[in-house]
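Just so you know, structure 1 and structure 2 below are the same protein chain in two forms, each on its own as structure tokens.
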Structure 1
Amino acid sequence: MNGTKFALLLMLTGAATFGAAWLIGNAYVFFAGYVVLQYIALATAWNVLGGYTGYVNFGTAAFFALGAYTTVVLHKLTALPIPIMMLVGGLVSGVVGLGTGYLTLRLRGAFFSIATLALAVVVQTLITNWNFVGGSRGAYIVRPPTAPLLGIDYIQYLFLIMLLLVVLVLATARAIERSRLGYGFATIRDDEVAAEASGVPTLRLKLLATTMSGAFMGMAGAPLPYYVTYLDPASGFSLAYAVNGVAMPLVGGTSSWLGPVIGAILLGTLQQVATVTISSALNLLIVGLMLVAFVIVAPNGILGLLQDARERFRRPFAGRSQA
């Protein structure tokens, strides 16, 4: 299936998803669905750098929050449509990702991961002390009751926007996998020293990966102020974004665009069910238990587990054909 057909399939799936949520007729479906879609975009964005290139990024919350606080700034300065705010938030986070990559991508392994964690701390400290965006006391955003032009409920509008972002992010991730860029990322992940010796422009590719990953994270975070209506550093830089952004691709599998989707739907749905039935305090506990279980049972995630099962199923038939 070529890229155009895949994008059309994603759009049809997105339209069916929105239609199904509309037919259910429960407003909470759109509230919960927005969160799951947000995690799909966030997990896929993390996987561009962490899965395809092999550089584990612990600064997910920083890029996500930069997109959210970009919206707060634009909301205070001028009235722009949310899609435009998402593009600006993606641009800001992408530029920060490029700068971060330039400064840290000569580091490898755990040193790079620690550097991205330090980035999150620095950005959170700056936001906490920036009074224009509310500082430590936070900022309120007045959410309109209905969406402009469309006339639908604003939460449904946010759900639709996030759905379109997911289509864009997934189409881009799949295109990367099947391109020379994806092969270049894979060489860095498998053996960066050998890739450099073979003439692969590793630094350029890593900078591109950090920029794309950061931009998509920023776009995923940009609608957040309108969703929560109150944003403070504790919620914008929540540990849930950092943990889920890493855990969801690992649970689903980092070898393909489909892995982060599976992990985000599984963990995101479990967390929403736990929030409604028990308490939101269990969300990170669920993620931690699932992550430990998959590291032990299926270190390559659900996709790796399915691939191993398929190989075991084919092995007896392959032996018979050779005989």
Structure 2
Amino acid sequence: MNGTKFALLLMLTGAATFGAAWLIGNAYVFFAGYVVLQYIALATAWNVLGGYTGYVNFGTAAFFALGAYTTVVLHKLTALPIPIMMLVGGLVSGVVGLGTGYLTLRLRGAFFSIATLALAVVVQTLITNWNFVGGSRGAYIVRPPTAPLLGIDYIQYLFLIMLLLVVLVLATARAIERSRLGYGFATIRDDEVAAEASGVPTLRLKLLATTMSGAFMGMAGAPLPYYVTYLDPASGFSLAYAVNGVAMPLVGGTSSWLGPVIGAILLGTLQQVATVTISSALNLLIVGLMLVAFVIVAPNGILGLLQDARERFRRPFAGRSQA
């Protein structure tokens, strides 16, 4: 299946999703669906860097919140359509990703991860000290009841926008996987020294991956202020984004674009249900425990488990000599 066909198929799936949500006709479906879609975008964005090149970003919350706060700033200055705000948010997060990467990616991978972890704390400090965006008190966004042009309910409009972003991000991720770029990323993940020695421009590729990944996270965060209508640093930089950004791809499987989607749908839905039925702190504990359990027991995620199962089904006697 080539890229265009895949993109068409994604759009059809997206249209079907929107249609199904429309048919159910319950406002909560859009409300909860938005969060799951947002996590698909975040997890796939994380995987562009983490899964394809093997560099771990713990600062998902920072990149995501930068996108959200860019929207808060733009909202205060002018009235722009949300898609344009998403582009600006993506630009801001992408530049921050590029900067962090430029300073730390020439060193061992662990340093980049540590820097992103610290980045989350610092960006939060800056935002908390910045009165223009509400500081620690937070900022209110008044959203119109219906969307411009389409005339549908605003939450449905946000759902639609997030759906389009998911289509864009997934199409990009899959295109990367099958391109020269993707092979370049894979060489970095498998053996960076050998890749460098064979003439792969590793630093440039790593910077490209970091920038793209950060930009997609920022784009996923940009509509957030309109969704929550009240944004404060504690919720924008919530630990939930940081841990889900890492847990979803690793639980789903990092080797292909499908892994983060599986992880995000599974963990995202689980959390939506758990938040309603149990407490929200407890459901974060579940995510953390699943992350640790999966990296220890099933390092290739659900996708890896499925592949193993298929192998065993096809060649029932092949696995016995190993076991």
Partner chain sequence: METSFDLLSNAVVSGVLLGGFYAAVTIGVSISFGMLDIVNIAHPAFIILGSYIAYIANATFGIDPILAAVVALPAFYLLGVAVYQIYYLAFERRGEEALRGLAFFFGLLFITEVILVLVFGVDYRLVEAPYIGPTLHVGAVDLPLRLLVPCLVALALVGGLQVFLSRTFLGRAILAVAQDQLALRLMAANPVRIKRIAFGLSIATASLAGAVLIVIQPVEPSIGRDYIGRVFAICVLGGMGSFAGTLVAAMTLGIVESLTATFYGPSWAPAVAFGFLLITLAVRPAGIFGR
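Between two forms, the rigid core is defined as the largest C-alpha subset superposing within 1.5 Å. Each residue is numbered by where it sits in the sequence of structure 1, with counting from 1. Computed from a predicted model, the values in this text were never measured in an experiment.
- The form predicted alone corresponds to structure 1; structure 2 is the other form.
- Taking 2 Å as the criterion, N26 does not count as shifted between the two structures: its C-alpha moves by less than this amount when the rigid core is aligned.
- S280 is among the residues whose C-alpha shifts by 2 Å or more between the two structures once the rigid core is aligned.
- Once you line up the core between the two structures, the Cα of V295 ends up 2 Å or more from where it was.
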